[in-house]
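One chain is shown next in structure tokens, namely the form predicted alone.
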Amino acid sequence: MKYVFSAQAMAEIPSETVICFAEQFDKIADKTLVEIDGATAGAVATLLKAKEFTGRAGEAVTLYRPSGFRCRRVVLLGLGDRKKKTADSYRKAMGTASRMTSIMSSGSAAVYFGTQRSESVYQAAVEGYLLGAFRILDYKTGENKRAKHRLNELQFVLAGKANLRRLEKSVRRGAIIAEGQMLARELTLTPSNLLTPELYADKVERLAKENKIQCRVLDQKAIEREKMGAFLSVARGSEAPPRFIVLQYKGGPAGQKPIVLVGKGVTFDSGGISLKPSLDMHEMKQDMAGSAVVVATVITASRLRINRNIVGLAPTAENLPSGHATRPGDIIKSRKGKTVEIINTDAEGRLLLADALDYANKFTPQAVIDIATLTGATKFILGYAGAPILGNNEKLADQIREASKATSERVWELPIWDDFRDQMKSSIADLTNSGGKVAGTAAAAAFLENFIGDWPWAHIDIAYVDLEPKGTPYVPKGATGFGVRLLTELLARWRKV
């Protein structure tokens, strides 16, 4: 996509299509609307009277051949109530626009901001368009493999020159972040037969090299040398050997302690011996979404040149049943030395994370954040609307909440009480890997707590926000890439905790 930046009058914009925004209105008072209404023989007034376009959120309309304009058409996008308007309103509006035939069929389009000065709005607009237009066509054939979008140039236009530099900087930043989120979606949607742990590691190595990030991949023998018994217990049933991916981005000073991101990377989760129901099992190729978010976030941080030292850890494995698979009732030993009684082999993600969290100690981190599709219980807490977070440091939780508000990737903190810690104790081992269905999300975090070092830690459970069941303005049905914007914003505005 080519991006162009300019300051000019709306009527002088040479693109095929000009995109404008409108807050909800009951009379035509906004200067932009007045100009468009005059150029279209009162079309805006007609639409308002018929209640076909009133600027409500989600509304969009195309007006053709505006008199005195250089463009062929004007697209009006509704932002909703002015008092409730946020940067995400623009993100949603542009997500809607990305699927409009009038824009998809244009070779070029211009986004007219008028006198808008908000950098977050500029950034959100390009994010919304790119994220809304996202499609995976790799596995289609024939005519279906052709992209429907003709648009190859987006122009961003202000009424005056004063904020042009800020506009360009914000749009380019938003484009990089959206590309990172789309990378996470692409990885998550890749079929498991094309993304075994080994193939996944190879792909990440190539991506790391392209972005000048250090990458080390531990094969099964190296994982065994690290005594990652919990991690290895998950991989035991599969013929595909596990891989442990270690990314290091050194954007900060040499002595700066890194922030470590850990992502669950189960490239297919059948549940193991505790086999899942067949319905929707095909979605379990997405059980590596946390690792995809970590990989994409580290790459995005590098592309944005964020001045932090960042480590990304992605333990990857398949969880399959076989004669070699871990059985319910088995006891395994983690890298930390703690023993775990396996109650449910479908509670496997916490086993990968346990050894990865302990491995994080190697880097003497200033903080560790793990992200994972960990518990089905999140569906009954926040559903598809947001992700529960848990941890041991309120300053870190506060920063995650601030990043959440800035990006509209919503989170809500849950406690880790002693009740949940007791729930994860075993009568014959140190811990059990499943405490049952009650308070499953908090209990899983209480299990992970046993493997963290003496550093601030947060756990983000994305078990349902990783998947959009129906489609929203800038999140098509399928993998969401939730967490890339959140973590990137967190790293960019990081304060010592």
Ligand code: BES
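Residue indices: 1-based, along the sequence shown. Keep in mind it's a predicted model, so treat the numbers as computed, not measured.
What comes next is about the form predicted together with the ligand, which does not appear here.
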Heavy atom within 4.5 Å of the ligand in the predicted complex, from candidates L414, M284, I176, L218, belongs to M284
Students should find that, of D346, E341, E226, E153, the residue having a non-hydrogen atom no more than 4.5 angstroms from the ligand in the predicted complex is D346
TL;DR on 179 to 187, 294 to 302, 374 to 382, 160 to 168: the one with heavy atoms within 4.5 Å of the ligand in the predicted complex is 374 to 382
Worksheet item: Is R350 one of the residues lying within 4.5 Å of the ligand in the predicted complex, judged by heavy atom distances?
Response: yes
Is it the case that Y464, even though its partner is missing from this view, gets within 4.5 Å of the ligand in the predicted complex, heavy atoms only? yes
Does R236 reach the ligand in the predicted complex, with heavy atoms at most 4.5 Å apart? no
Within 4.5 Å, heavy atoms only: does K31 come near the ligand in the predicted complex? no
Residues in 432 to 470 that come within 4.5 Å of the ligand in the predicted complex by at least one heavy atom, in order, are S434, G436, K437, A463, Y464
